[in-house]
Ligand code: SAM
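The chain below stands alone and is given in structure tokens; this is the form predicted alone.
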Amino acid sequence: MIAISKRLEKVTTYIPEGATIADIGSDHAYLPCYGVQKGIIRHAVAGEVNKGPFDSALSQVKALGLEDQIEVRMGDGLEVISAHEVSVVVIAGMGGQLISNILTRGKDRLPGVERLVLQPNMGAKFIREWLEVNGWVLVNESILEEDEKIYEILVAKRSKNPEKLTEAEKLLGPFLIQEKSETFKKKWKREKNNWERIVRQLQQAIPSDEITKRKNELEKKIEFVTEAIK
């Protein structure tokens, strides 16, 4: 059995058994290889945009003898799949803004996809905003720490009437706010301390409209976090 990170293992728990998936930015195809070996994934497309990672993923799949169940394809984002080809799209280990851009550019490939499992390294707010605008609704979220880094996982399904999230929920996550785990508190205490430091610096700067706007934005975020972790 291939060994994968705690982060990727958690991502696989949100993939329905028997799913066909596309793992975008597959990084050695670790996740699809693990999922197939565990009997979770029936068939997978492992997508990579660069030749080095593409070759590494191909070698990994061949070494494990999983070529019949995992196809490694080179391409940019969702262009490695066709509409109605997979039931789940996984994008893990990128920034939230990049993940949102990949989903936007590949919207014509999403018909037939029933679930998105997204793991941003930062900027989860961009993804929550994208989901709301594009007819998807969050059905689960989790947060975990590995190697002194904190990661969020967002799971979404299609919805004709997605609920509107508050600004606090877009920033912090509607499920994560309710759960208030110790990892959640740790992450946002750290962010709050950083924002408070920046606000103090801005207060020393020569006043301008731009500085006032930035200060107000940070103070609003600090207010959201203070309320959420109290």
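Numbers follow the displayed sequence, beginning with 1. Predicted, not measured: the structure shown is a model, and the values here were computed from it.
What follows is about the form predicted together with S-adenosylmethionine (SAM), which we do not show.
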Residue within 4.5 Å of S-adenosylmethionine (SAM) in the predicted complex by heavy atom, from 113, 94, 131, 81, is 94
Interface check vs S-adenosylmethionine (SAM) in the predicted complex: of 203, 194, 50, 161, the one with a heavy atom inside 4.5 Å is 50
Counting only non-hydrogen atoms, the one stretch of 25-33, 194-202, 161-169, 58-66 within 4.5 angstroms of S-adenosylmethionine (SAM) in the predicted complex is 25-33
Although the partner isn't part of this model, could you tell me whether residue 225 comes within 4.5 Å of S-adenosylmethionine (SAM) in the predicted complex, counting any heavy atom of the residue? no
In the predicted complex, residue 157 touching S-adenosylmethionine (SAM) (heavy atom, 4.5 Å): no
| Is residue 76 close enough to touch S-adenosylmethionine (SAM) in the predicted complex, meaning at least one heavy atom pair within 4.5 Å? | yes
### Message
Please determine whether residue 98 contacts S-adenosylmethionine (SAM) in the predicted complex, using a 4.5 Å cut-off between heavy atoms.
### Response
yes
